[in-house]
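A single chain, nothing else alongside it, follows as C-alpha cells in the form predicted on its own.
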C-alpha cells in the first residue's frame, strides 16, 4: 500500500508562504534549484514498479544548482551541507568532501561548473527529521500534514521525506516552486489477511480540518482493476491512458466531521497471486569479496521489446581504489560498447571518484556492469565507532529515457516533480519522452580494520609491569634497612608495640619450654 503526500506552493513573487529560511538560503548562496531527501528502506522496483518522482536513494541525497554567475561554489556547497544538517537535524556532515561531486553528464548536460551532488548510503532517521520537515509547511497542525504520524511512518517498510525548491528569476518575473513530498509503503495486515484499508488504520488518524490558506486540498485514489468500494463515495473520477482515479476534495468532507477514507474489498481475504514485474529494474551487489578488495556488480533488467538509452552514474568514496581498466558492460553474455564516458578521479581524503557514461540497453536483455576495487587503509581517527560493521557506499544511479506509453504502464504514481498529479489532471499534459531514475542498493564495504583493543591491552600490560617492578625497586633503593630484635621491640615506647613484643616473647617461651 503506497501513500504519497505532496505539499506544493507556486508563486510568481517572493511570497510569505515560502519559508523565510529557504528564501534566505537562495539569496545568500545564489541558488537556482535545491533537492534534499532522507529515505529509510529500499524501493523494490521489480516488485513495486517504478519509484515515484523525484526518485530518491536509500540514505540521504542532496543536489544543488548554483546560478551561472556564482563564484566560490565549493565553499558555498560546504556551508550548505552544514546548514541543512542543522535545519533537519541530520548527520550529513561526512558528505563533504569525501562524498561530494560535480556531475557533468547526469545533471549538467556536459558542464559540471554549477552542479553539486552528495549522497550517503547509511543515513539514520529519527522523529526529529520529521518535526523539522513539517516546520516548513504553512499549516503545521491542520490539513493533510496531520496524517503523518511518526509511529506509522517509521514503522513502514519504506518511507522518504524530500524538499524540492526551484526558482526562475529574471528582470520581469520571480517564479518559485516549493514542494515537500513524503512517500510511505506499508504491508497489508497479514495476520488477519484482510485487504481493507483506511486512514485511521494505516496512518493512525483521520483528517479533521483542512489548511485554511490552501487553494486546493485533494485526496486521489487509484482504482484501476481494484474490486473495492470507497467510503465516502465520490463521483469525481479521472482517466489517464488505461488507469482510473477517484478524486476527493477534502474541503467538502471536513466541515462538521472528520474525513476517514476507507476501502472495503469485495474479496474478504487476501489472495496471494502472481505479480506483474516492472519492465525495468536495477540491482547492485558485491562479488569475490575479501580483505583486500572485490568487485562491484550492477545488474540491469530491460524486459521491454525496444532498446533503451540510459545514463549510468556511480559516486564511490576515495577509500575504494577502482581499477577502471576492469570496467565491463555485458548484456546477455555479449560485451557492449560504452558511449560518452566521463571519469572524475578520486583524491585521497578530498574527493570521490565519479563514473558517468551512456549505454544502450538491448531489448529483452539482462545487462551487468562490473569493475574491480581495492580497499585502502584509513587512519586511526577516520574509522567510525562501529568500524567492524563496515562502511556504506552510495548505490549507483541509472537514468532511463522512456516514451509516454511505456511510462504509463510501469509508473507507480501519476505525476512528476515538474507537474503534480493534480496539475496533470487539470491540464491533461503528455510528453513525448520521460526521464526515469532508478537507484541501486547501498553497498556495505568491510575495510581492513586494525585491532583497536591492542593499544588498551598494551597499556594495561605495561602499567601492571611497571607497578610490580617499580614498587619494590623504589622501596629497596630509598628505605634504610635496620635489623629488629625482640629486645629492641621491648624497649621501644608505645602501648601497641609493647603489647606485640610481650605476645611474641610469651609465644617464644612456650615453644622453647
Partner chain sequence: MDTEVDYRGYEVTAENFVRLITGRVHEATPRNKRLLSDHQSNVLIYLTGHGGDGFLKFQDAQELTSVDLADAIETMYQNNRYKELFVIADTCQSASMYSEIYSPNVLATSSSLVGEDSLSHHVDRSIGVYIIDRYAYYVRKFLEDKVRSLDANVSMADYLASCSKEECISTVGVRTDLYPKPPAQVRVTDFFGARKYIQPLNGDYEFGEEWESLPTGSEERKKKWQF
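Superpose the two forms; the largest set of C-alphas matching within 1.5 Å is the rigid core. Numbering follows the first chain given and starts at 1. Source: prediction; values computed, not measured.
This protein has a second form, the form predicted in complex with its partner chain, left out of what is shown; the following refers to that one.
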- request: Kindly confirm or deny that 292, 350 and 442 each have some heavy atom within 4.5 angstroms of its partner chain in the predicted complex.
  value: no
field: Contact flag, residue 333 vs its partner chain in the predicted complex, heavy atom cut 4.5 Å
entry: no
task: May I ask you to check whether residue 344 falls inside a 4.5 Å heavy atom distance of its partner chain in the predicted complex?
output: no
field: Any non-hydrogen atom of residue 228 within 4.5 angstroms of its partner chain in the predicted complex
entry: no
task: Answer with yes or no whether residue 189 is in contact with its partner chain in the predicted complex, where contact means some heavy atom within 4.5 Å.
output: no
message: Give me the residue from 263, 303, 89, 286 that has a heavy atom within 4.5 Å of its partner chain in the predicted complex.
response: 89
Among the candidates 399, 76, 434, 177, the residue which, in the predicted complex, approaches its partner chain to within 4.5 Å (heavy atoms): 76
Which of 123 to 131, 158 to 166, 199 to 207, 335 to 343 sits within 4.5 Å of its partner chain in the predicted complex, heavy atom basis: 123 to 131
- line: Taking its partner chain in the predicted complex and a 4.5 Å non-hydrogen atom cutoff, the residues of 19 to 50 making contact are 28, 29
query: Honestly, after the rigid core fit, is residue 455 moving at least 2 Å at Cα between the shown form and the other one?
result: yes
